[in-house]
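One chain comes next, on its own, written as structure tokens: the form predicted alone.
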Amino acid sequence: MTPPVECIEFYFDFSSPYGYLASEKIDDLAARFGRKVKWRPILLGVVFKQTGAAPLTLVPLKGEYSLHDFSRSARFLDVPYKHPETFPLNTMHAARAYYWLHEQDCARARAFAHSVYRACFAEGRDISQPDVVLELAARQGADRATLSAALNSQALKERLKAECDAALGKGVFGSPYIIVDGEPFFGADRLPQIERWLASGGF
């Protein structure tokens, strides 16, 4: 077994309903066991190109079930949920903005990530739109004009690409994908397993 490490790695796409549900629980869960969480947004479109997968809602039979399960899982976890009218959607700008903010202040980036997820899955906003992303970032103190210019910079494009490549290199194939002490867990429904792992030191 890999020795315990302080940080839990939390890979997610801002368009992932299950990623949203996990995002509402993962920090508190980790904190109960003296752990911290590294939030790492990625793009599922990049992942799906490698795996040959597709958004659940677009898969025959699975699509109807997934829509039902998103809402049921949210009720089970006591998390507000409203499925977006536009879905699936592009989260490139939101992910880039997160990493831009993270370079300046980790706490602000975390607050921004929560606001993006909640805007998408609780407030019904279209987070694929740059103006929405810029507004949410500005609420965390970001300079809107500076971030707007940065979103299309080569440096930020390369940063997000590097994060996606690194995720694939670690075996990440979906969202949420959570790594604890080298042990991978896929899906918000694995939170109870993660809790037991943290409590027992592995099983």
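Everything quoted here is computed from the prediction, not taken from an experiment. Residue numbers run from 1 along the displayed sequence.
Not pictured, yet referred to below: the form predicted together with another copy of the chain.
Given that another copy of the chain is not shown alongside this chain, does A30 nevertheless sit within 4.5 Å of it in the predicted complex, heavy atom to heavy atom? Flag for A30 set to no.
Does another copy of the chain come within 4.5 Å of any heavy atom of K25 in the predicted complex? Although another copy of the chain is absent here, K25 would stay clear of it in the predicted complex, with no heavy atoms inside 4.5 Å.
Is V172 near another copy of the chain? Define near as a heavy atom within 4.5 Å, in the predicted complex. Although another copy of the chain is absent here, V172 would touch it in the predicted complex, with heavy atoms inside 4.5 Å.
May I ask you to state whether D189 is within 4.5 Å of another copy of the chain in the predicted complex, using heavy atom distances? It does: once another copy of the chain is placed as it appears in the predicted complex, D189 has a heavy atom within 4.5 Å of it.
Options 141 to 149, 47 to 55, 34 to 42, 155 to 163; stretch whose heavy atom lies within 4.5 Å of another copy of the chain in the predicted complex: In short, 47 to 55.
Would you check whether another copy of the chain, in the predicted complex, lies within 4.5 angstroms of a non-hydrogen atom from each of L61, H68 and F185? Yes, all three are in contact.
Sequence-ordered residues of 64 to 92 touching another copy of the chain in the predicted complex, heavy atom within 4.5 Å: Contacting residues: Y65, H68, D69, R72, S73, R75, F76.
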